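Below you will find one chain, with nothing else, as structure tokens; this is the form predicted on its own, and questions on how it binds or moves follow later.
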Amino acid sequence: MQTQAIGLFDSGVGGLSIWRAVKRILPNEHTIYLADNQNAPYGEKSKDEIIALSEKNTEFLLNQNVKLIIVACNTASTNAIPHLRRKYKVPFIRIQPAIKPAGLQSKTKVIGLLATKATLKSTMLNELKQIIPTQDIEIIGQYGKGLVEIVENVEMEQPQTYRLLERYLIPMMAKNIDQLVLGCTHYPFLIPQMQKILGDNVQIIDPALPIARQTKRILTEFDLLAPKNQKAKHYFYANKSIKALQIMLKNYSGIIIKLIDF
């Protein structure tokens, strides 16, 4: 099983923010990435719909013989992970908003959470709020409506993108946030634009590297790490369009991108 691939799925290209970190931390691992962009965005769907799509994605990856699955989507992680872990034997790595480290680092005691509607409504988010060591932390939640579509269409530098981000971030800044937690894997692709609005007084927390390190820990624990001489191959599948994948992966080698009927 050591030579089998790591599987990742997301509603589109957002999970590439996680894939990049996995590739950096685990350069010898094969990966198989599924972009279910036909059903994006997941954040607008009901919990039952998210679970059904997550099952479908999981079974696709299991049919590709993966050894571990990273649910590279905050919405799917916060709504479907308990169900997936009960139903399937493969190890799952979940993505969750980095509320605890943000709370530990905050000096103003006010942190922002930019996330999808489904993540903001999830029971997991309420559980995460309870484990903040300092209970006097205020969390300002903001639904990032439209941001997933911007990343899927690779429109990060368009003027309307800045206007939309200003609409979401300026009210948070007015409430004195000093940490911004990104609650969707699409959002890290907007960090350069966010930083221009937030300036130096707000730290943006991207969970990608901690997730990659957790993946390495789990692979090590189960003795599943790839051989050090393995030359990694990376397969990417999408079921609506591969254009965004082609654009965002153009500088990587060893990449195979396919459009599938799924």
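The first residue of the shown sequence is 1; numbering continues from there. All of these numbers come straight from a predicted model, not from anything done at the bench.
One more form of this protein exists, namely the form predicted in complex with a small molecule; it is left out here, but the text below deals with it.
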Want to guess which of 72 to 80, 164 to 172, 85 to 93, 102 to 110 is within 4.5 Å of the small molecule in the predicted bound form, heavy atoms only? 72 to 80
Going by a heavy atom distance of 4.5 Å, is residue 177 a contact of the small molecule in the predicted bound form? no
Partner contact for residue 207 in the predicted bound form: the small molecule, 4.5 angstroms, heavy atom: no
Residue-level contact is defined here as any heavy atom of the residue lying within 4.5 Å of the small molecule in the predicted bound form; does residue 184 satisfy this criterion? yes
